[in-house]
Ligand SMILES: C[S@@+](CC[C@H](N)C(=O)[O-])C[C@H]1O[C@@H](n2cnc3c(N)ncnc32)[C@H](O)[C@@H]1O
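Shown next as structure tokens: one chain only, the form predicted on its own.
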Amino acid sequence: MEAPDEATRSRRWTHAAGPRYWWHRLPGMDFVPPVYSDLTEAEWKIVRAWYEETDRSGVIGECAVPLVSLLHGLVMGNRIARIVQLGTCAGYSSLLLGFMLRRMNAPNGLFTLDLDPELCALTRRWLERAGLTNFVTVAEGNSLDPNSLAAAQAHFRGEPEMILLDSSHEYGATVRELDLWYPALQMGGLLLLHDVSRFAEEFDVTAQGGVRRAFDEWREKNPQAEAICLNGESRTMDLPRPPYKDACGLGIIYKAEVQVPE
């Protein structure tokens, strides 16, 4: 039998208020998803404490269950052990990816980058508390700076297998990030962009079309890259959703090997 807390875990959020708990309030989601049920009791206590602290402080902006569950399958199903994350926020995905990397015995598997020194410090504190500093490195820096790319490459002594782009959400910055980081991706690697939907365009403080416009234009200019967009046409969190539940949308770019005609 499951221990009481193992059986409930994230089910406690089924009736929780606040926008960050939207997935747990969806019909049929009164269960514990594998990203949480897979955790040890000690790891789950860290995640629960992280939620409690960030609820109090209001430092909210993490990805939700649909995206982190997709990452869970990709990373652990394929032992992806060289991951770059552009945009650390308060450390939610860094913690969960760190737990995955520790389970796979893949040290130094995540290089996460953020421009905000306070968010970097917050994430480091939680990683230390979770005992994940051997698996996750937090770097303070600008994702548009070639020196940040060089630092990531030096960290892995090679090419990243996967890049998660979830930083400023600005159109211009996202275009420059794609141009800088995609060439550094391993052949056959994946670049994932959060917030590619029309709903998420409002996250762009420059009001120039956000990640959605950057993703669309970059795809047109780089037809050699295989790409798909999930929920790109979502305009609200309130409408019924297709199988991928996140209304913020997800762009997936696969760096396919270019076939040279004989």
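We number the residues from 1 along the sequence you see. None of the values given here were measured: they were computed from a predicted structure.
The following text describes the form predicted together with the named molecule, which does not appear among the structures shown.
J.: In the predicted complex, which of the stretches 161 to 169, 103 to 111, 129 to 137, 185 to 193 has residues with heavy atoms within 4.5 Å of the named molecule?
T.: Contact-bearing stretch, as computed: 161 to 169.
J.: Applying a 4.5 Å heavy atom distance criterion, does residue 118 contact the named molecule in the predicted complex?
T.: Answer no; every heavy atom of residue 118 is more than 4.5 Å from the named molecule in the predicted complex.
J.: Does the named molecule come within 4.5 Å of any heavy atom of residue 73 in the predicted complex?
T.: Because no heavy atom of residue 73 falls inside 4.5 Å of the named molecule in the predicted complex, the answer is no.
J.: Wondering, does residue 81 line up within 4.5 Å of the named molecule in the predicted complex on heavy atoms?
T.: Residue-level check for residue 81: no, no contact with the named molecule.
J.: Does residue 89 reach the named molecule in the predicted complex, with heavy atoms at most 4.5 Å apart?
T.: Residue 89: yes, in contact with the named molecule in the predicted complex.
J.: Where, within 28 to 67, is there a heavy atom within 4.5 Å of the named molecule in the predicted complex? Residue list please.
T.: 61, 62, 63 sit within 4.5 Å of the partner.
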